[in-house]
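The chain below stands alone and is given as structure tokens, in the form predicted alone.
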């Protein structure tokens, strides 16, 4: 399944946010998007999802323009989790996660056993089975984030777009989510916005680095998460080290 961006320009109002971006996503695995606040990461993610139209250039899924797909077909292929979602008051966790099945439901017919199984599996994957009857607005910030992630998983799309999903999660659940994403990398394509560059180094198979709406670099973490490229991306100096005997990379600004 090819997913390709060619000469992409996106504006918000009169302001150009993305400038002439061109890249292809790997057919499997996790692609991280990094860059300073305001560089266009979330705009790019919304463009990939077909939520924002391109003023020029193309976003192609298997050769078809993403924005030309019907919303139903697009939702079967691409799932987007924005930074913050709003659930109607009183909606339970199970009801929220069930909404992820909407693109697959047949009109006027109840959910099938496979739909129910997808919902149960998604809640189990994020550790929310015991909270399925709780209202979403009664949950902690981290629990709500996990519920929204479960909705996206229940959607069972081939491409999953995640905008800073580690926000609000404490360390144990960050670790669980990273483990979950590693497991999903074999069956779907994940694009994730990350601020923690050490997590990006260890989780991602591919990294896109943005600065002021332009692509600074695209490639494997070993080639993108380097002192020179990170300095060009963020405008500060970085300390990048591989832990002896593990090959695991630690990335921090030198001022830390």
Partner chain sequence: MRHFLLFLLTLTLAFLALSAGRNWLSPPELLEALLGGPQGVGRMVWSLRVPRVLVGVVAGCCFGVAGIVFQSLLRNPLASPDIIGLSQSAALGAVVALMAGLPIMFGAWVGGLSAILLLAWLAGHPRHGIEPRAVVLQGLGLAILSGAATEALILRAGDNDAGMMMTWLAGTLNGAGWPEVHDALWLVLIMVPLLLSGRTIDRLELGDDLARALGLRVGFLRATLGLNAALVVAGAVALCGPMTFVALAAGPIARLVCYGRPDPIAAALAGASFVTIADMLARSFSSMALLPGGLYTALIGAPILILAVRRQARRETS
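Residue numbers count along the first chain shown, from 1. As the structure is a computational prediction, the values presented were derived from the model and not from experiment.
The form predicted in complex with the partner chain is left out here; the points below concern that form.
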{"query": "4.5 Å heavy atom contact, residue 13 and the partner chain in the model of the complex", "finding": "yes"}
{"query": "Interface membership of residue 116, the partner chain in the model of the complex, 4.5 Å heavy atom rule", "finding": "no"}
{"query": "The partner chain contact at residue 142 in the model of the complex, heavy atom, 4.5 Å", "finding": "no"}
{"query": "Exercise: residue 96 in contact with the partner chain in the model of the complex, heavy atom 4.5 Å", "finding": "yes"}
{"query": "Candidate stretches 182-190, 164-172, 86-94, 120-128 - the one whose heavy atoms come within 4.5 Å of the partner chain in the model of the complex", "finding": "86-94"}
{"query": "One residue of 177, 78, 136, 150 in contact with the partner chain, assessed in the model of the complex (non-hydrogen atom, 4.5 angstroms)", "finding": "78"}
{"query": "The partner chain: the contacting residue among 206, 202, 211, 46 in the model of the complex [heavy atom, 4.5 Å]", "finding": "46"}
{"query": "Residues of 96-113 having any heavy atom within 4.5 Å of the partner chain in the model of the complex, listed in sequence order", "finding": "96, 99, 100, 102, 103, 105, 106, 107, 108, 109, 110"}
